Ligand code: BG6
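Only one chain comes next, encoded as structure tokens, the form predicted alone.
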Amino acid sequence: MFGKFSRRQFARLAGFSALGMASATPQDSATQPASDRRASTSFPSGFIWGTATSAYQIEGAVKEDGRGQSIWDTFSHTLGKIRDHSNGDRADDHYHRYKEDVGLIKGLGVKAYRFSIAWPRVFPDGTGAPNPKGLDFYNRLLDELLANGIEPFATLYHWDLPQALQDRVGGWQSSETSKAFANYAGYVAERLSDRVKSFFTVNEVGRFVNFGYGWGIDAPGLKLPPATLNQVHHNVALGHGLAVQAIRAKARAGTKVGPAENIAACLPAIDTPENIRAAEIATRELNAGFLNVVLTGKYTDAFLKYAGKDAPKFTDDELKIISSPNDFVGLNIYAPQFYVVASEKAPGFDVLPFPASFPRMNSDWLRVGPETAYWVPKLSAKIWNIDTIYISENGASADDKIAADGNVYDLDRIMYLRNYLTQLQRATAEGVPVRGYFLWSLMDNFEWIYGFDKRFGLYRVDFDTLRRTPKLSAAFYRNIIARNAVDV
């Protein structure tokens, strides 16, 4: 199982199902080849540099202070589900070491930190009476961040659904979970928006829906038929829209909100007008089940035709809720999922196979395609008319062996980051509205189905002693931030 599927490989599997769709008419397609102009020597003034984590991956303390059980607690304790047989019961023990970890964030020189709030800490049963002690932890964390000059960006759902909701209504199979999520989002925003100015609603819908409800790889480990799976996607989109409305109603004026999605990254294999147009079509259609409906208020004709009898059931009122205006869009960018070329046949693009020699990091799925950081925000901004984009995740697992002198010389991660950030700088130099970048991750953590086997952190964590040690990449990132630039 673990060799075949990966953390963000979903798009390669999910996207292929769309390749037989009927023709889709491109909307305002880009027809100009990429500029040959040398990139600006710096990122825009005010560009936000940050790092990111998620609750289940770092917090631990799963049974403390009234926290309820999540689907990942259940799943990680199910024999055979996690590669190294570990779980997130302790993880990085961030729950108790948050002050130390805020010091690590400050030491990088970043001015922003993206973290997630554990729904079952706040509402142990998903709904009903809130747990004050759960929110108290995030109050302490926020105060510590602000005392150190770090702006908090909170994610409301990073996969840790309360188990009670899964048991009671089937989790995201039911729109009752969409409503429960909105109630939770409004409750949190009302109490934290005095310090949190930006909320991400849901993180990586394509991953947690397909892997968790479609292929049985992630929590809750279900293999639902296509029609039910499409309805799950719709219910999550509805939950996002309801949460946006709840935050607008409950949060302080000026609070901003948007989704964070691991977009199916479609890149032109060669930068010609025809291939760029094909990449636009592919980007829209292979993201039709979430990003397109959220940002346009409709499912594409091609998506609905291909889904046929398995298309989600919805009302016009639901589409209006789903497309409630967002203030920003977060894009999680790691690897190119698809290189495309133009085709005269429907749907207007062909996906090219990856050669066996295509470079990758130490995770099989993490192919190295730096131009992903250029094309994904550029195409997304044009297709969906987005004026504020955050790269809400980008990073790489690496070898991370400890040298004889006790240091970690992760030159492979530095290579990856240097090249991706160079391409991102190219995008911002051309006016692509990327306003900030959150490097994944602050420190090594529980990497879902891989357990502790894959390390993405700027700080190495010894999972026996929990000691945090900066890797060479931490110094590299600190230097980028200090100069607000990548040398090109």
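Quick note: we count residues from 1 along the sequence shown, nothing fancier. What you are looking at is a predicted structure, and each value in this text was computed from that prediction instead of being measured.
From this point on, the text means the form predicted in complex with the named molecule, which you will not see here.
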My question is simply whether His158 lines the interface with the named molecule in the predicted bound form - judged by any non-hydrogen atom within 4.5 Å. yes
Arg191: heavy atom within 4.5 Å of the named molecule in the predicted bound form? no
Just to confirm, Tyr450 within 4.5 Å of the named molecule in the predicted bound form by heavy atoms? yes
Residue contact check: Phe328 to the named molecule in the predicted bound form, 4.5 Å heavy atom: no
Identify whether the named molecule in the predicted bound form is within 4.5 Å of every residue in the set Ser178, Asn235 and Glu318, based on non-hydrogen atoms. no
Using a 4.5 Å cut on heavy atoms, which of Tyr299, Tyr416, Phe314, Trp365 is close to the named molecule in the predicted bound form? Trp365
Please identify the residue among Tyr334, Trp172, Phe290, Trp119 with any heavy atom within 4.5 Å of the named molecule in the predicted bound form. Tyr334
Options 442 to 450, 63 to 71, 41 to 49, 426 to 434; stretch whose heavy atom lies within 4.5 Å of the named molecule in the predicted bound form: 442 to 450
Judged by heavy atom distances of 4.5 Å or less, which residues of 188 to 227 approach the named molecule in the predicted bound form? Asn203, Glu204, Arg207
